[in-house]
Each structure stands twice: as C-alpha cells, then as structure tokens.
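Quick heads-up: it's one chain on its own, the form predicted on its own, in structure tokens.
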Amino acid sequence: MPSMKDLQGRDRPTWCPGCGDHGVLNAVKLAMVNYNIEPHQLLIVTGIGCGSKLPQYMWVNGLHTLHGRDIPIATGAKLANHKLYVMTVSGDGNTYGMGLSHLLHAARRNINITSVVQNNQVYGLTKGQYSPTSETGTVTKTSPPPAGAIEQPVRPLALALIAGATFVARGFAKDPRYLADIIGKALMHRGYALIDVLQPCVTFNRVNTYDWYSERVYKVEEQPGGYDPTDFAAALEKAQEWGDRIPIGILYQVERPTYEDHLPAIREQSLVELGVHRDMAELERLKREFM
C-alpha cells in the first residue's frame, strides 16, 4: 500500500499559495492511498493549464498532451491496457472548452476512464480571461464592463448526464478528504466518470472564493430524505442547481457495459498482453513515411 510520502514528487508546485489545485493534488494522492493504488497502476493524462501540471508534483505515471486532447489520449491508453487505471486531470478551459466534444464522446461510449476537472471559472494560466463556465456578466480582461461575459455558461454535469456518463460527481477543493473518496470510487467504477471540482483561483477569480462556496455547498447524501444516485431525473435536477445552494457528492452512478466490453479482441486481454508481433523495421519505415 503506498503512503502519502511515497507519492511525493521531486518538484515543488509552482501554483499560487492558496490555489485550489493544492487540494486536488492532495485528494488524488489520498485516493491512491485509501484505495491501495500503486503508482505503476495509475496513468494521469493532462492537457494544458495550471492544473495540468499535477502529475509533475507526485510520483506517478504522467503524460502531458496538447490543449484539450487529454481525453482521446487517455482513451487510447486505456484501450491498449485496460487493466491500467487511467485518469485525466485538467481545468475547465481545457476540458469544457477545446476538449468538450471529447468529453461527450467518452461519456456516450462509456470509456473506462476518470476525468477530474478543476473548475475555477477562469483561464488562470493565461492570466484570467473568462472561461466556458464563467457566469454571464463576469468581468475579465476579455469580457470588459459594462456587459462582461455575454454567453451562457456551460453546465458540465448536465451535459455529461445527457451524453450517457455512468458516474457524475462534484467535489470541493477545500475538502480534499471528501474529494478523495469521490475520486477513489470513480477509479473503481467501470465506465466513464466525470468529477467537476469547485477549485477557487485566488489570483484571478475574486468572486467564487472558498468563503463563497463554503456558504453554498451541501452534500447530496446529507439532505433530508437522503439521495438515490441511480435516479437519473434527480441527478439531472441536481446538475442544474447553482446559485444559493450548490450540491456536491456523487450525483449519479449506474452500471452498463464499457466500450472495451463490446470489443471481442480486447475484452479479456489488453493489447499489451496479446503479444502482437512487432516488426521494428516496418515500424521505422512507417515512422519515416509520416515524418
């Protein structure tokens, strides 16, 4: 079983002091400890953005890709070795902007990967432009007053549900232990899992702060009457609840066959276990043909 110390990376985070990414990093490591996931068993694929630096700061397999392209890369890795835990970690600009179509297709295919999206409602790495999840009227460098952002914000959890995701949840960076439990359950889930994380940007978003969220978030399982995460209609209602009250927790979880379950060639064995003949000369010829 790994310990938090075992998962400590050699590089120190360059995130701003107080950034919500610190809480997400601790939650990912804690989930690995709690669910006994060794570093060699997990691959974290990232795109571009502050949060996409996460695997650089822990001892784990990491693959840094292009902006918005982490989900298709993760899909390929999972199909090549579906016995590997595969997770994407990135921000709202990366996943709900450039990468949104990849998220929707992963959800409808029920690719067996987990996406953790640090949602701070701005492009933090490029100094605070409004993002796909910024509320209408948000004033930034690229959405000046008096109108601010003129677009309707993306509601990612509702989109994922409609697309067919089988695990949809929301966490809060201020509560890494609760978030770690959600991440662990998502990694154990067979199918596509989306975890939207309320992750304050302390430098460029002075509205959606830790205090702002703390006054509003509540855990769905603690509401009067309890909560049934298999109820699609209830999940869709919770996914659209935003403002004075914001639900966190596992909003929806059901089982249905994954994408690889439909592929006889890899249903029982991953491609890496099939002993596919590798003609290195032919691979070299193909590589040169496309270079």
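Bear in mind that the values here come from a model prediction, so they are computed numbers and not experimental data. Counting begins at 1, following the sequence as shown.
Below, we turn to the form predicted together with a small molecule, even though it does not appear here.
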(message) Just to be sure I understand the contacts: of Val154, Met98, Leu84, Ala163, which is the one whose heavy atoms reach within 4.5 angstroms of the small molecule in the predicted complex?
(response) Met98
(request) Go through Leu125, Leu79, Ala149, Ala158 and name the one with a heavy atom inside 4.5 Å of the small molecule in the predicted complex. (result) Leu125
(request) Spell out, yes or no, whether the shortest heavy atom distance between Arg245 and the small molecule in the predicted complex is within 4.5 Å. (result) no
(message) Gly93 versus the small molecule, in the predicted complex: is there a non-hydrogen atom within 4.5 Å?
(response) yes
(request) Flag Ile48 as yes or no: does it have a non-hydrogen atom within 4.5 angstroms of any non-hydrogen atom of the small molecule in the predicted complex? (result) yes
(message) Using a 4.5 angstroms cut-off on non-hydrogen atoms, would Asn120 count as touching the small molecule in the predicted complex?
(response) yes
(request) Would you point out which of 182-190, 141-149, 84-92, 167-175 contains residues with a non-hydrogen atom within 4.5 Å of the small molecule in the predicted complex? (result) 84-92
